[in-house]
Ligand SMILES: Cc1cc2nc3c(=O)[nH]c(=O)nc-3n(C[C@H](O)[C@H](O)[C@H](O)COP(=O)(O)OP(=O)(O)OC[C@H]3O[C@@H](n4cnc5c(N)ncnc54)[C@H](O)[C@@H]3O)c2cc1C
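Quick heads-up: it's one chain on its own, the form predicted alone, in structure tokens.
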């Protein structure tokens, strides 16, 4: 069979590698004109995601471009420590630690692997239409034809949309799906050197500020990666961030001032309860099917798991519609559980003065529950040898 994948971000390339592994011919179509090497800030590939990459033989290449996270620490607007999660044993327990990596570096590593394995990627292909044949697949025939804004068309036996929150695949093939919901929070990020940040390398530190949420990760080379989640506003980004954090620990405004380029904003959306992840010979994967708040730290890793599970279902069930239904049945309970946890985490970021007072006092309890949920998510593995039913 021949597979057509829409999207060359994270989920699409990982799916392409898995489908090639089971013997399929694979083609990837990407709307961007080239690799997304200037988009986004950074992310964490959790141990469960690294496990998927390890099974493909590429986890080491990703780890070399990133940095292990050994702990999470939490403080409030006054700078008082209010919680800690020790993740120093993750590599021993799960095979890999949480790996912090620039998004551009992850895209580049995956693209290099596609090129090495001779999987073609067609850039500048924005999906505008899909036609599915009702006839059985015959020798030389293809069940799906995808049309693109540049006038090109591609045929395959099935199509998988790995094209993210604003999925063209979802809009074209499952138009009755709900639209993503805006959470009310904007995400900004950046990379800086110079200001003294009271966080040791290898630790993700989170600050529950008076008006917004701020996170930092410092690399062994002394570069600080940071992100901000906070309410929208009309002021220019740097001015807006400085205002939101003016009553927070002084190193936060200093870090914002020292950042050459403020990245973003990225409005944070959630995509809850898509009625079905497939229709006929077309399926959705990753954020196209189940976008969630970044609070879970699992977006990229869940897309990687999706890719492995979908490949296993196609390997064992062969007929794409049946494989797609089995894929959704096996994946939805886990995705829904992590989605709800991400919602709970996100609601604590900007709760208002009264909510913040209660949050700061209850956060040690929340941290214990959060650590347990995190460990459960990290420990998940797909048994590639088990037959999908």
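Just so it is clear, the structure is predicted and the values come from calculations on it, not from any experiment. Residue numbers count along the first chain shown, from 1.
From this point on, the text means the form predicted in complex with this ligand, which you will not see here.
For the options 230, 209, 297, 143, the residue carrying a heavy atom within 4.5 angstroms of this ligand in the predicted complex is 297. This chain is drawn without this ligand; in the predicted complex, the residue among 251, 225, 266, 94 with a heavy atom within 4.5 Å of it is 266. This ligand in the predicted complex is approached by residue 103, whose closest heavy atom lies within 4.5 angstroms of it. In the predicted complex, this ligand sits beyond 4.5 Å of every heavy atom of residue 283. The closest non-hydrogen atom of residue 187 lies within 4.5 Å of this ligand in the predicted complex.
In the predicted complex, this ligand lies farther than 4.5 Å from every heavy atom of residue 66.
Look at 335-343, 57-65, 22-30, 321-329: in the predicted complex, residues with non-hydrogen atoms within 4.5 angstroms of this ligand sit in 22-30. In the predicted complex, the residues of 1-17 lying within 4.5 Å of this ligand by at least one heavy atom are, in order, 6, 7, 8, 9, 10, 11, 12.
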